[in-house]
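Just the one chain here, the form predicted alone, laid out as structure tokens.
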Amino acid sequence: MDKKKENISIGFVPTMGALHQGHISLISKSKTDNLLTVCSIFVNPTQFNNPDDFKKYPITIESDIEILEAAGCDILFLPQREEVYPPGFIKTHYELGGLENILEGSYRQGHFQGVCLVVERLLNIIPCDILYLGQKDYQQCMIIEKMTQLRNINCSIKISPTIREKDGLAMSSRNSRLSNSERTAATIIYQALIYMKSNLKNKSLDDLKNNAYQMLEESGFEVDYIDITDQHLGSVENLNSSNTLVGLIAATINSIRLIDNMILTNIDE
């Protein structure tokens, strides 16, 4: 099909399955914008720096298909590993600069190279006009934007707001691994982000991060990082150095690692 000749626009939502309302919000947005919506489910081995994490990733294909059918997704791409990475496939190295070595990158070596690899492969297979991503993986969104620029991939990227549970916890496939007590404790991540957003004008940068760190530790989390950056993930020296500030957190409870972020302020506030 020549989609340009037929005047057909295609939206694409890449996932690793274990679908939740966050994914469905991307499907809904794509359906609003495009004639056809494609969703992929592929648990990408190249982005897991921890083999145990790859093995534990939830596989829920049957329920995922039911969710996609109910959401009105037009096409599901469900490839085998050999279809994405055929025999003789040569990996590309992406010159991502410092962006891949900070925050998530400093804890998950090679992770973003694997993300770029699979997204480029999927975009080569699926000729989409718009790629839909969720803000919960903020750094990943920045990385994918840079990769498409480096590789001259002709599709636009739309980043949708994080979808949360009623108590604020960011929806994530990893949440299914939380026990009841861990699930209750996990809301502290959202509370810490709200604390930082609410106290921008009366606390110092160090105080905001240190107090949020203490909140998470007291709830049983081991904190990888709590940071406040500009919208491009650049470091900030004080809270008046940028019109847009982003709070980012990664923390682990009983081997389950959760990430979240929040836009703390912007030019309109």
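Just so you know, these numbers come straight off a predicted model, no measurement behind them. Numbering starts at 1 and runs along the sequence shown.
Just so it is clear, the following notes concern the form predicted together with a small molecule, a form of the same protein that is not shown.
Trainee: Using heavy atoms only and a 4.5 Å cut-off, determine which of 10, 253, 16, 248 is in contact with the small molecule in the predicted complex.
Mentor: Selected residue: 16.
Trainee: Looking at 137, 104, 129, 182 here, can you tell me which has any non-hydrogen atom within 4.5 angstroms of the small molecule in the predicted complex?
Mentor: Selected residue: 137.
Trainee: Picking from 64 to 72, 231 to 239, 211 to 219, 25 to 33, which part of the chain touches the small molecule in the predicted complex when contact means heavy atoms within 4.5 Å?
Mentor: Correct option: 25 to 33.
Trainee: Taking the shortest heavy atom distance, is residue 257 within 4.5 Å of the small molecule in the predicted complex?
Mentor: Flag for residue 257 set to no.
Trainee: Does the 4.5 Å heavy atom contact test between residue 79 and the small molecule in the predicted complex come out positive?
Mentor: Close contact is absent here: in the predicted complex, residue 79 is far from the small molecule, nothing within 4.5 Å, heavy atoms only.
Trainee: Within 4.5 Å, heavy atoms only: does residue 117 come near the small molecule in the predicted complex?
Mentor: Result no; residue 117 lies far from the small molecule in the predicted complex.
Trainee: Find out whether any non-hydrogen atom of residue 148 is located within 4.5 angstroms of the small molecule in the predicted complex, and reply yes or no.
Mentor: Contact check for residue 148: no, nothing within 4.5 Å of the small molecule in the predicted complex.
Trainee: Can all three of 20, 57 and 161 be found with a heavy atom no more than 4.5 Å from the small molecule in the predicted complex?
Mentor: Yes, each of 20, 57 and 161 comes within 4.5 Å of the small molecule in the predicted complex.
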